[in-house]
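Just the one chain here, the form predicted on its own, laid out as structure tokens.
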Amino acid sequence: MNIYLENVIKEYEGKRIVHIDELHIKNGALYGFVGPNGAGKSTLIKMIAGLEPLNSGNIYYGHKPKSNPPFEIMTLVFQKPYLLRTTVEKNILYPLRLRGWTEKAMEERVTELLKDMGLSEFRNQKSWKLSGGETQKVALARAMSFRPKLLLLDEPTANIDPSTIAIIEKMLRKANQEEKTTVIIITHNLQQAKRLCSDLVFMHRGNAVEHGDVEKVLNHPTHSLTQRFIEGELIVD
């Protein structure tokens, strides 16, 4: 799904949090958004998800002039996801039931995702008994269950173990490469961005300061702020 942002502004109590003049997120790409704390990354991804209203500007999904978020084919996974107070299986089934999948199709899809995520033994486990990493895997499986065209993730691998991170990254690649899902991920891990992403956006003070091919941005940044961030300098907003 192509996404176009034009003159997008978000303010809280008179303070400008996001100001994107122009940004094109290409269909089928895997975008990483990086930048210091307070750069507006989480606010922007919630705006793209249709959870935060814009003060001004437009976000177009697919082809202009359609601008309403296509909720039925997109989803967002938070850093600290919320699961339904039921079993792992029923959490993953929920989006499929909403979309009218047949019992056979739901069974096949849930079984596939549980296997890919290493969660087969947790099928009937209650959600509140899961560890943080297990919870995040279930949240991602639920988000991917209906094969969304747009998958948004706000630091989905923060504070979880390396083996779980590897599984999550593998699943994101699969969704992007095999199912052609457009993926946008916020991450503070530049090595993760390099491993996972095709494109990178560096944000500072609500602006998309630099964006382009991930290797180019990381190895040959054109903006001094990007260079400083990549070198590990603490950039204070």
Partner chain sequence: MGEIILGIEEAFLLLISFNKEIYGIILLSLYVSLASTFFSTIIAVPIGTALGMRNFKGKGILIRLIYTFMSLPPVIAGLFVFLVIMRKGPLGHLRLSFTPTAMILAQICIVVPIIVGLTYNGVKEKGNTIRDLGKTLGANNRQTLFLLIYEMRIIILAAVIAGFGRAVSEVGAVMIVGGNIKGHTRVMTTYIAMLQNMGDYSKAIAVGIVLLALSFLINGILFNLQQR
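Because the structure is predicted, anything quoted here is derived from the model rather than measured. Positions refer to the first chain, counted from 1.
Although it is not shown, the form predicted in complex with its partner chain is what the next lines describe.
A heavy atom within 4.5 Å of its partner chain in the predicted complex is found for one listed residue only; from Ala166, Ala158, Ala105, Leu98, this is Leu98. This chain is displayed alone, yet in the predicted complex one of Gly212, Gly62, Gly50, Gly28 has a heavy atom within 4.5 Å of its partner chain; that residue is Gly50. For the chain shown alone, Leu76 is a contact residue for its partner chain in the predicted complex, at least one non-hydrogen atom being within 4.5 angstroms.
Leu114 falls outside the set of residues with a heavy atom inside 4.5 Å of its partner chain in the predicted complex. The closest heavy atom approach of Arg123 to its partner chain in the predicted complex falls outside 4.5 Å. Leu83 belongs to the set of residues with a heavy atom inside 4.5 Å of its partner chain in the predicted complex. The stretch from 105-113, 158-166, 86-94, 129-137 that comes within 4.5 Å of its partner chain in the predicted complex, counting heavy atoms only, is 86-94.
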